[in-house]
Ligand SMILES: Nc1nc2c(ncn2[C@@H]2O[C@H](COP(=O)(O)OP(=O)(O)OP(=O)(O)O)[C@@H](O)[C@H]2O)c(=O)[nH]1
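First, one chain by itself in structure tokens, the form predicted on its own.
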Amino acid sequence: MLEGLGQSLRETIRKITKASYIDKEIVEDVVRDIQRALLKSDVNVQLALKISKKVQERAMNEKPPEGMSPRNYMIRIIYEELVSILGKGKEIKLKPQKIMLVGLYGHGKTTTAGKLARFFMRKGLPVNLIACDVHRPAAMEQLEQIGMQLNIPVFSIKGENDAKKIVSEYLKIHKGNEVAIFDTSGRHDLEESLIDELKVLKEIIQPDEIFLVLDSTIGQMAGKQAKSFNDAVGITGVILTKMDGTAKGGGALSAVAETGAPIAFIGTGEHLDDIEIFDPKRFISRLLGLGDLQTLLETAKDLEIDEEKAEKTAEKLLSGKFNLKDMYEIWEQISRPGILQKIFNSIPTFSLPGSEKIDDSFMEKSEEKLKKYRVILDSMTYEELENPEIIKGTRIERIARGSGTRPEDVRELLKEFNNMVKAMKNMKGNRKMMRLLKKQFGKEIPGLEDENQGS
């Protein structure tokens, strides 16, 4: 998400880490970089200037805490000032509740209803979708298709043109033991008829949450729409969609935050799994390439990885007793759409050589390579998976023929496997990396260590 902004900011962070010392010239250079990055991401000019000025003042006048280098402290200042413009986010309650989605046409309300349903399902909660959009053609059918995809109930009344009756009938039958997501009608503009309809539905539903769904490609206009809807019906949070491919995401985020309306979720892709709770600290940490251990752990949990099995796999990795069968199980999990990108975004990358070249095309190629490797592994015998060292000569030729690949592809897989085992053995002796993996969110920023701890 916000790849252009993230790449620019990560380059700025690398510039700081490579500096032999922090002086006025470096600070001014970094501040100019931050201004350019924010303006390219459609952040309001005055806000971009305000942030960069604050970074400059703090970097020149504040002394780093004992044990922290000036370089790391400047990175911390940038992190804190960027977090400050995004508000506090919103606490999401994981319990049965009534959620009313509002918004204009074309902003992704119906798809977001499905994503929200999937989110709460992953948390173990029963979910119902209620089709209240009686104006947009095929809106009910679209929601029903999403319900079939998720295998959850969708309540609708065919041919009914009164959303009030649909809502009332649903509430008669259901007693509130589930997460009920109401997909309401939109308009091309915030017309009086839409406001009146939403006010009536709000009175009948008595929702626990009213989420405004906004397309982040509208940039700074998102702030005006958030304010208008909040004045009209009193929204409790905002869901920003299409955050994965827009140059205006920074404008949408900062503009909504300025209105005081909390951002609850952000949509990060096309799949129903591509939605996440918006946490400003974690968001900025990933954007700067500082990593996000908490999201990494949540991603592993969402993959339904058995903890005991994962622990044994980690032990085998670090001991060097890892084999191709173990690697296949890992690749089978992370080859799901979007998972590899989530994992990469969650690890500290600002200091990794070549990380500035990692973009969407790189991730697509990596996912394709994973698929090819899984086909190659499917063509191996159990003995070969357990004992990779025996795969030579004629075995490589046979595996290539069976998988429809070339012998070079099989050798490349084996080479990457051996490199992975060596890297894990080296990590076992790398105290800094182990400390980094254990670091939790708190006073410390993920990815940064104090100077006296070997940063």
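All residue numbers are counted from 1 along the displayed sequence. Quick caveat, the model's predicted, so the values are computed rather than measured.
This next part talks about the form predicted together with the ligand, which is not shown.
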- Tell me, please, which stretch of 254-262, 100-108, 77-85, 167-175 lies within 4.5 angstroms of the ligand in the predicted complex when heavy atoms are compared? 100-108
- Report the residue, out of Thr236, Gln142, Ser228, Gln220, that has at least one non-hydrogen atom within 4.5 angstroms of the ligand in the predicted complex. Gln142
- Query: Quick one: of Pro280, Pro207, Pro96, Gly269, which gets a non-hydrogen atom within 4.5 angstroms of the ligand in the predicted complex?
  - Reply: Gly269
- Does at least one non-hydrogen atom of Arg118 fall within 4.5 angstroms of the ligand in the predicted complex? no
- Message: Taking the ligand as it sits in the predicted complex, is Arg286 near enough to touch it, meaning that at least one heavy atom pair lies within 4.5 angstroms?
- Response: no
- Message: My question is simply whether Lys90 lines the interface with the ligand in the predicted complex - judged by any non-hydrogen atom within 4.5 Å.
- Response: no
- Task: Considering only heavy atoms, tell me if Asp244 and the ligand come within 4.5 Å of each other in the predicted complex.
- Result: yes
- Task: Taking the ligand as it sits in the predicted complex, which residues of 194-226 have a non-hydrogen atom within 4.5 Å of it? Please list them.
- Result: none
